[in-house]
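Shown below, as C-alpha cells, is a lone chain in the form predicted on its own; questions about how it binds or moves come after it.
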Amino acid sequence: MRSLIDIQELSTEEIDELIATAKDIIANPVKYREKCRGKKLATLFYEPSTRTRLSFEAAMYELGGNVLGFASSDNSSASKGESVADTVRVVSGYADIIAMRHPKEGAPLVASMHSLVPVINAGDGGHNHPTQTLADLLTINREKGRFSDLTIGMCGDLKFGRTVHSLIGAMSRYDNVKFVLISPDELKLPGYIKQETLDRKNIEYTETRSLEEAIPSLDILYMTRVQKERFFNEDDYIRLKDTYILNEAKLLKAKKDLSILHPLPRVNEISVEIDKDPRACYFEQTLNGKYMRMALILKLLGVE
C-alpha cells in the first residue's frame, strides 16, 4: 500500500506515467467511467477548500466510484478532540482511499502511518500540496511540451505558499530550470528550501521585489495570493496583500508565449482583464488537476 504525502515521493518516470494517463483520460473519458466502480474515496478536509475537495470528488465520480467525508473540522469528531490518527484509523475501514487537507504541517503523514488504505495529502499548512503540483506539471507539459530549459517566476507569498514549495521541489529535478523568486522581504522563500533544494542542486535562481523587472525573462509566471489564514498579525496581512497585482500594463514586456499559472483562489493579484489573455492558464490548470487526481487515484488503488 502506498500513500502520497510529498511530490518528491514520485519519480520523474512516475510523473511521466501519470501525465500519460491523464492525457488518455482527456482523450478517452468513456474508457475510464467504470474503473473505480465499487470503490470509495473519503475526503477529510479539516480546512476550507473549494477546488481541491470538489476536484477530488469529481475525479472519483468520473471514475465510477463514490465519495464520503467532511468539508470542515467543525463537522467532524475533531471538534470533540479526536486525534487525526484515530479518525483515519476508523475512516480507513469505510473507504478505499483517503484525501486529507489539514492546517498542521505533517498531519497527513501521521494519518498515513495509521491508515489501512492509501492517503493523499491534499495540503498540509504551509508545507506541501502534491496534487496541486501534479496539476501544475500537467499544465506546464500541455503548454510547453517540456519541463527542461524553462525560466519560472514565482510571485507573491513564497514563505507560506505550499504550492510554490512543492513545485520548486518537482521542477528542480529537470535540466536547465531557472527560478526568479519575486516577493516582499517578509514573504521570501524559506531558507531551508533554498539550501536543501536550490543550492544543493546548483540550480540558478535570483530574488527580487520587482515583478516588472522580472517579467521579460519568464517562460512561466506562477502567481500566488497572500494568504490571510497564515498570518498571526492582521496588520501585516493588510500591508502586504496588494503587493503584486498582475495587469495588462505589466504584461506588455512579457513573452508572447508566457504561461500564467495560479493555484487559485484568486483575490485581486491577477486583474480580471487578464482572463481573456491567451497566456492565462489558471482555469485550465484547475481542470488539469481533476485529470491528474483521476490518474493518481487509479495508480494508488492499483487499477489498470
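Quick caveat: nothing in here was measured; it's all calculated off a predicted structure. Position 1 is the first residue in the sequence shown; the rest follow in order.
This protein has a second form, the form predicted together with ligand NCD, left out of what is shown; the following refers to that one.
When ligand NCD is considered in the predicted bound form, R162 lines it closely, a heavy atom lying within 4.5 Å. Put simply, K178 is far from ligand NCD in the predicted bound form: not one heavy atom of it is within 4.5 Å.
In the predicted bound form, ligand NCD sits within 4.5 Å of a heavy atom belonging to L264. Ligand NCD in the predicted bound form is approached by R51, whose closest heavy atom lies within 4.5 angstroms of it. For the options T87, Q132, S183, S115, the residue carrying a heavy atom within 4.5 angstroms of ligand NCD in the predicted bound form is Q132.
Out of the listed residues R142, K194, R173, R225, R225 is the one that sits within 4.5 Å of ligand NCD in the predicted bound form by at least one heavy atom. With the partner left out here, ligand NCD still marks one of 249 to 257, 23 to 31, 36 to 44, 264 to 272 in the predicted bound form; by a 4.5 Å heavy atom cut-off that stretch is 264 to 272.
Contacts between 90 to 110 and ligand NCD, taken as any heavy atom within 4.5 Å in the predicted bound form, involve only R101.
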